[in-house]
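Shown next as structure tokens: one chain only, the form predicted on its own.
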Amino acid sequence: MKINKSLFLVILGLFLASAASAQDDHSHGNEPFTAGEFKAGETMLHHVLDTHNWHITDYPVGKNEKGERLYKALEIPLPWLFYSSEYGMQFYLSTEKLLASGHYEVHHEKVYHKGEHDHGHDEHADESHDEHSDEAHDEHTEAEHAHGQGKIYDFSPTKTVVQMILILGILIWVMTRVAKGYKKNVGRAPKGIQSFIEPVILFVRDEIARPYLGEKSARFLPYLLTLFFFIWFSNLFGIMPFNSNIMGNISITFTLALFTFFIVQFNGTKDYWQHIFAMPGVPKPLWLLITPIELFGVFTKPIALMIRLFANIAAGHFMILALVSLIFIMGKGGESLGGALGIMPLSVAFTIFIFCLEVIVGAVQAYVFVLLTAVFLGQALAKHDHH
């Protein structure tokens, strides 16, 4: 019964999140806004893109003069922290306070000096304006430019950053509990959370680290375990309602792949580099052909790690969102209740199936990333006998 309730809450959360993102724009702050036409593509992109607020849902607050239902966004604002070449270091607790300063504007989650974002658009203005309009436009542009258009270096924590901090806190709590369990249960069977985490640790050690790294497995085991649990926990929390999809952000998978790339290269043995730049047993003229290929492979390996993890996790989220969006598409934005109710059973059934599949995929992708990292490290650490 508890499982059924959990599944119901997950689907309900997905519906609420999808309904919330069906609005045209979520940067309304406390101002009421109309729902507008539901656009599935924009809805899905909004879920996977990073933002400077933690949007939960939208709730109705009445109707306007035209009879259109008005909504307000229920969200947790995230602070803005950036350096402006005009005004120095800046800190604002929310986007509303940032805009209220009168010095900045926000477009697509990026902060600009007031009027700066319009310059790029003005350059491509319609050439059909008459000469008088062009002159007025040029004067307006020059006046804005005279105000100053400096650079902004943004250090603001986004939803992805906050989610990573939450995952870090959860991992510290879990691993601290496991470490205490080891101390208390010396010589006895593990209990509680230790009994769940210990088999995973042993699996990474015995099935990944030792087979591919041999005697040096203990040296790299902390890194492999950190990778596995960070990716796994991020994937698990990413499919829960009101959480951010960390591994669906390619900048995160790029960073993880970059860590692996540097660790592999810095630990490469003499034999490893010799097989790249001077392949033993191969005639020297062929080095001109083989060396570029081997060197190219050095960079394609981390790229494959990055894209594989990102694509698999993002694809699952897109599939779930597409299935949920069918309810709103068939319901025609609330105009056709019969259409929404007709497709809902099928949509919910497939959503639950994909959700369960994503639970498995999240663990599998963590395993694949760590396994390939161990394989690449094993290749870099290997020593060869060329006699």
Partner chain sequence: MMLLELTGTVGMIGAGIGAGLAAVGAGIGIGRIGASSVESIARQPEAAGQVQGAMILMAAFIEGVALFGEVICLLEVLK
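Positions refer to the first chain, counted from 1. Predicted model only: the values in this text are computed from it and were never measured.
Just so it is clear, the following notes concern the form predicted in complex with the partner chain, a form of the same protein that is not shown.
Contact with the partner chain in the predicted complex, judged as any non-hydrogen atom within 4.5 angstroms, is confined among 87-95, 307-315, 237-245, 283-291 to 307-315. Interface residue among L74, I303, A179, I170 relative to the partner chain in the predicted complex, by the heavy atom within 4.5 Å criterion: I303. Judged against the partner chain in the predicted complex with a 4.5 angstroms heavy atom cut-off, the residues Y212, Q365 and L372 are in contact without exception. Remark: L45 counts among the residues lining the partner chain in the predicted complex, judged by a heavy atom distance of 4.5 Å or less.
Residues in 88-107 all lack a heavy atom within 4.5 Å of the partner chain in the predicted complex.
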